[in-house]
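Next up: just one chain, as structure tokens, the form predicted alone.
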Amino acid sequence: MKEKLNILFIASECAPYAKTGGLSDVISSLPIALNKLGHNVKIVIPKYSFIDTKKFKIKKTLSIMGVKMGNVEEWCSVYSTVHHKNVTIYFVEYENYFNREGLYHDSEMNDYSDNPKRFAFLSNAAFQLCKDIDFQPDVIHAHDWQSALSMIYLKEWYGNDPFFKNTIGALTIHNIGYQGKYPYENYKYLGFSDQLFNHNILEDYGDINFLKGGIYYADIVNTVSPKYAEETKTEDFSYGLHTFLIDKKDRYFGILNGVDYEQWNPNIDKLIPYNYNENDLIGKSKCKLFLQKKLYLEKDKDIPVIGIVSRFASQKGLNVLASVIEHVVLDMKVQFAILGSGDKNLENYFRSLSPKYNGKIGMYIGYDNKLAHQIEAGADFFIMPSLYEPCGLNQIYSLKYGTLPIVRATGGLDDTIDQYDEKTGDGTGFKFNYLTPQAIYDTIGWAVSTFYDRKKHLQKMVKRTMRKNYSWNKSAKEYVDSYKMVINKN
């Protein structure tokens, strides 16, 4: 068997070109880690119209490429740039589908009605791209529902194609809450036979389910933390897909996401005003005062700051936090530094808090990568009260920045955070089990009391968290092992 694998990632986003959440960070950093292990990795995403081609030195690679979809042929172009040293990223340009203001929805958060066609096209275009650039993949690695159909195209359309005869399919579920469910009227465009539209593969109460079909056809399926893999095999967490995941047996498992410490490291981070490390935390105190000034909080290093960088969505538990946050700032001497966007009702609510609690709650509605880094560096605590969390990356960033996480014990949050022991000072954060206003209030109170009353424990925890290592090295090796497990059996 080949030691050096050719691996093609297909995804809907990749930082820094197009980003809505943690998926883009994984697509950006995991291929780099795989390349460092000696493998040849390429990435394919859409060429959204907002991507800055000049800034990223993106050049046209293929002037014209035909992609057969159902009974029509779509014509597109392909661009590319060097993502990192030996990793190339390709951008499929098709204005009818990707010349939009958003990735998945408009400014009012309404899904684009042609999303099933847009991402089916992307999934199939990747195969034609491989042929046109003469890249014969050992692994097609799809991510989430947007590219899940590539698992079906691999087996049903290209199964007898000599170019792909030794190619295996891997599918990573980053969030099972988003499955790509769309009306049957789009089915003809996908180009699959009627036999595939059944309960075990693509049919879901009369609709098409992209993720479900991908799970059925993928050689291996994983999600992004061990605990989330176990959770999603239960009815409560799977959004209806638990029986299909259980059917995959040992070909469904969890691999914890890593992080890119070249991007998220307070010792070298160029986006924060002062650098620091576990042996010299003066810079963190200065970052805190900088953050307080920037978000119009009372400048006082002796008041704890709780950071939030998140999508405003019920999955993130921010609707529950919203029901108790005013009680927190009224009852405790604490500040919040909040960055996020999403649900309009939550946006409007959180926006109203800043003037109402002047100096106690600082707010930025939207996404600002620089500010995200500054919150990680300047906050004392970072709260993630998620309803569920496949992995979570911000809590791992927080550990490196010496910012103690306050999290619900679910998915990757539970895998990565060790509970604080008030007797010994051990632990790396504060966890609660039930997503209720009282649990959030009490756990914030526990963290704040530790800040004021158990300084030595706090200092000990900060140093411990900063020594934690969640780099991609271990996880990338696990991905390679999973690829080779299937290749060896085929």
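Residue positions are given as counts along the sequence shown, with the first one as 1. Quick caveat, the model's predicted, so the values are computed rather than measured.
Same protein, other form: the form predicted in complex with a small molecule, not shown, and the subject of what follows.
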| item | value |
| --- | --- |
| Contact residue in the model of the complex, chosen from K333, R311, H84, K188 - any heavy atom within 4.5 Å of the small molecule | R311 |
| Selected contact from A337, I152, L393, A377, since only one has a non-hydrogen atom within 4.5 angstroms of the small molecule in the model of the complex | L393 |
| Segment assignment from 272-280, 232-240, 289-297, 170-178: heavy atom within 4.5 Å of the small molecule in the model of the complex | 170-178 |
| Interface membership of T403, the small molecule in the model of the complex, 4.5 Å heavy atom rule | no |
| 4.5 Å heavy atom contact, T410 and the small molecule in the model of the complex | no |
| The small molecule contact at V26 in the model of the complex, heavy atom, 4.5 Å | yes |
| In the model of the complex, N257 touching the small molecule (heavy atom, 4.5 Å) | yes |
